[in-house]
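What follows is one chain in structure tokens, specifically the form predicted on its own.
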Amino acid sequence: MSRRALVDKAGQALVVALAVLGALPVVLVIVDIYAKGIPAIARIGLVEFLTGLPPTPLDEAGGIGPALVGTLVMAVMGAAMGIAVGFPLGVYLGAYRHERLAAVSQSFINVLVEYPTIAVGLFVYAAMSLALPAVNPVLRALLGVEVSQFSGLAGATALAIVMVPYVAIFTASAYASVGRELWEAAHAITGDEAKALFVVLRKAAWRAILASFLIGTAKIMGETAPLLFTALGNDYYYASPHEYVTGPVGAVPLLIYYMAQTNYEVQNEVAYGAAAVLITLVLAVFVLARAASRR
């Protein structure tokens, strides 16, 4: 074998070794969580674990029911708000990327991706503190409800802010990848800028756009920091559905955060089981996103 071939083989082996080394920590974390979480779930039963109340230090077992409901409620609301803002923003960034305002907006979006999510939670906390004294009297008069300082709405708003840049960046990339001929045909057929962008070209890039929605949703499902100052947490079910919006709400990441810090074995076990459930949900969404982008 020639020297050049040996160098090529050595380079390929080095790349493979580095790839394995980079993936190894993630694999080890997932294996450790499943190795400890699955027995914790099996000890009480899957249905009971998914629906039961979190354990106190005196209980022998417990579940994640209220936290799981809170996660699903806030993920749905946060994804709806994040898509409502991030999708049209991404369309603008992709369609008018050569304009100065779009370039400036792209810079801010890139910064927001790396922005500490706990700061997002603090921002929403401050905004709710300023807005609620004026908003609550109106809500009380019209709907007979009030929004608490810590609430599912605040948590979902924080998650939506975290999600917006992911949706915007992926959507912008999807629109930027559409061929120029299709752009011209879309404008010629519709004769309208909005229809060309949001009807014809959206259908051309819908797989990548759907993948961006799913990836953004997976991202916010596992967030803890934005919820510390917004959702706060709650270990019980609410009797009325609207209380999941107006009152403090539990979440699986928050439950893991709180119970992993205790010295009680039963709560540590539930934290591992909750982590296994959360990772399964996130991985399932990522698999769907991958399938949507490749189909």
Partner chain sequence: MSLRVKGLTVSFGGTRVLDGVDLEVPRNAVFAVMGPSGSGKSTLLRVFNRLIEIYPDVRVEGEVYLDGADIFELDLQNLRVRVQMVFQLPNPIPNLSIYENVALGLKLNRLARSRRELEERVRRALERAQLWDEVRDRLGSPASKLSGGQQQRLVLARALAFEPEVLLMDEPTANLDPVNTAKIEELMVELKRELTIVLVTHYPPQAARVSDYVAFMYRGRIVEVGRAGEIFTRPRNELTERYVTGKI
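Numbering follows the first chain given and starts at 1. Please read all numbers here as calculations on a predicted model, not as lab measurements.
Beyond what is shown, the protein has a form predicted together with the partner chain; the following relates to that form.
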Verify the contact flag for Glu184: yes if a non-hydrogen atom of it lies within 4.5 Å of a non-hydrogen atom of the partner chain in the model of the complex, no if not.
-> yes
Going by a heavy atom distance of 4.5 Å, is Gly144 a contact of the partner chain in the model of the complex?
-> no
May I ask you to check whether Ile189 falls inside a 4.5 Å heavy atom distance of the partner chain in the model of the complex?
-> yes
Does Arg140 make contact with the partner chain in the model of the complex, using a 4.5 Å heavy atom cut-off?
-> no
Per-stretch contact check against the partner chain in the model of the complex, the hit in 197-205, 118-126, 166-174, 144-152 (non-hydrogen atom, 4.5 angstroms) | 197-205
